[in-house]
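Given next, in structure tokens, is a single chain: the form predicted on its own.
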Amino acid sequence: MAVKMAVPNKGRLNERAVELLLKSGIDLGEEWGRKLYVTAMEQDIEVMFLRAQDIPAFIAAGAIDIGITGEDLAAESGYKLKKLTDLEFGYCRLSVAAPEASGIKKGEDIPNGSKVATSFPNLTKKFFKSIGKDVSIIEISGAAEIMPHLGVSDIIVDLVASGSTLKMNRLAEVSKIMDSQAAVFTSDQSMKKKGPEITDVVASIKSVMAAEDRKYLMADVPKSKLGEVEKILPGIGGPTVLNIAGNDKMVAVHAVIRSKDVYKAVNDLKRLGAKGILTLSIDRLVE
């Protein structure tokens, strides 16, 4: 039975989500960008391209088994979903913002009766109830930042990344409702039916993410310096050491290290007399 998977069809989450699938070995074919759904080549996986905000509802209804969407959208939907893993992209926060000239510095400063424009009515209602504020929520689907200027609302609740858009529109962030990033979601019912297959898909994606931050390093090092080399290259479970044919004084050392450590590791190895130092990119890493 095929695993039905959904990814955002456009927007801030689409490109990276598709990249992770392709790198994990899920073959979408050459014309996936023109289709609403694709059956992966030689794999029992169907990938559907849906609006990110609709994916939680399809998961909850059992129409799809697994989906990539934002934590903010999953929370806003109100459905009971099961998060399988964070994807470490699409970082943002859902925040309350007020005009800079309003004098509002925090959520508690917002007057009762204020009009709040947002495309996240459920989370907004829950937040203001939690701080004891009675506000009027205006649900919108377009750019929230312009609403106070048009007189539609007094404040807004919207997603914020760098905050530059707020500043351009003379708005100031006054309260954070939640942090968000892209994540993989499923439901309990799908896990009961296709748990092993879903786990395989998630493991493949996680192996791609793990590999992107690592490099495979190889070097020939003096056997007498092996103890020092092991400190430089701890690797996942320690470096792999191999004998070199015809050379009793040198050994070949292989290790997987973090990308940020490559510069120092290479220079430390050179100082120990290492030769033939080589670093390679890794496609997938199962830890």
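We number the residues from 1 along the sequence you see. Nothing here was measured: the structure is a model prediction, and the numbers come from that model.
There is another form of this protein, the form predicted in complex with a small molecule, and it is not shown here; the text below is about that form.
- Contact here is defined as any heavy atom lying within 4.5 Å of the small molecule in the predicted complex, and by that definition not a single one of 76, 122 and 177 is a contact residue.
- Only one of 191, 138, 208, 92 lies close to the small molecule in the predicted complex, with a heavy atom inside 4.5 Å, and it is 92.
- Listed residues 274, 13, 265, 21 were compared with the small molecule in the predicted complex; 13 is the one with a heavy atom within 4.5 Å.
- Stretch 66 to 74 is the answer when you ask which of 245 to 253, 66 to 74, 38 to 46, 220 to 228 has residues with heavy atoms within 4.5 Å of the small molecule in the predicted complex.
- The small molecule in the predicted complex comes within 4.5 Å of a heavy atom belonging to residue 161.
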